[in-house]
Ligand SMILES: Nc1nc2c(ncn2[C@@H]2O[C@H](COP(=O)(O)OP(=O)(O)O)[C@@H](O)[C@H]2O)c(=O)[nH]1
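Quick heads-up: it's one chain on its own, the form predicted alone, in structure tokens.
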Amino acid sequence: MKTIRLESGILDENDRIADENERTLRSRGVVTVNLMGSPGAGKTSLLEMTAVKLGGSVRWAVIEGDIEGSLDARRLERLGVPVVQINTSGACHLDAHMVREGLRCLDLDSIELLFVENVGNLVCPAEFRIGESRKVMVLSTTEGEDKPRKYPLMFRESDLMVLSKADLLPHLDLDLDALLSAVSAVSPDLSVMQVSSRSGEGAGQWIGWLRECLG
């Protein structure tokens, strides 16, 4: 019982701060996307493609979450994207408090769109609200068709699933129909789009979705 109460208390406090973050971001007119997925799924590559496709048409920034290091943040900085690095030093996800600290390092009046690239993990990031407007999960074609049934909460919590590395589909044994069926079984209303950051496949659909979010 003590463990359950402690866990509930942690989540309740996280939700309180997440609500504060959401109010702060909404008051500044910032659309915030919580970008989640496994290590190596292609989250940073998707953001690199986004930087190229958006150009200067949208003012945006990134909060980059990693356990250690800043390799992904540097990739984005080279493209001129403002980045705030958060190192969790062991935690497998970003929480609302960490994101609140990151927000303090940004000029929110100067951006319209904020990506929070969460720590690579298919479990914990789905459990912790951070004040986001949308949740997007990135699933790579190389991860197989069993992930929706193994990690259903991630799929249920997300507003959009980006199936990344779509250019590899002809070279893999992935049963795409089985994957989409599994996604539909655990989260019937989840939208799915196929994207390749390398070839540019699906880029227009992705950018269109972002523009819809921005209104």
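Numbering starts at 1 and follows the sequence shown. Since we're looking at a predicted model, the values are computed, not measured.
The form predicted together with the ligand is left out here; the points below concern that form.
By the criterion of a heavy atom within 4.5 Å, Pro39 is counted among the residues contacting the ligand in the model of the complex. Using a 4.5 angstroms limit between non-hydrogen atoms, Asp95 is distant from the ligand in the model of the complex. Although the partner is absent here, Arg100 sits far enough away that none of its heavy atoms falls within 4.5 Å of the ligand in the model of the complex. Using a 4.5 angstroms threshold between heavy atoms, Arg134 stays clear of the ligand in the model of the complex. None of 148-156, 173-181, 54-62, 31-39 except one has non-hydrogen atoms within 4.5 angstroms of the ligand in the model of the complex; the exception is 31-39. Of the listed positions (Ile67, Leu190, Leu168, Val186), a single one reaches within 4.5 angstroms of the ligand by any non-hydrogen atom in the model of the complex, namely Leu168.
Residues are counted as partner-facing when one of their heavy atoms sits within 4.5 Å of the ligand in the model of the complex; in 63-80 these are Asp72, Arg75, in sequence order.
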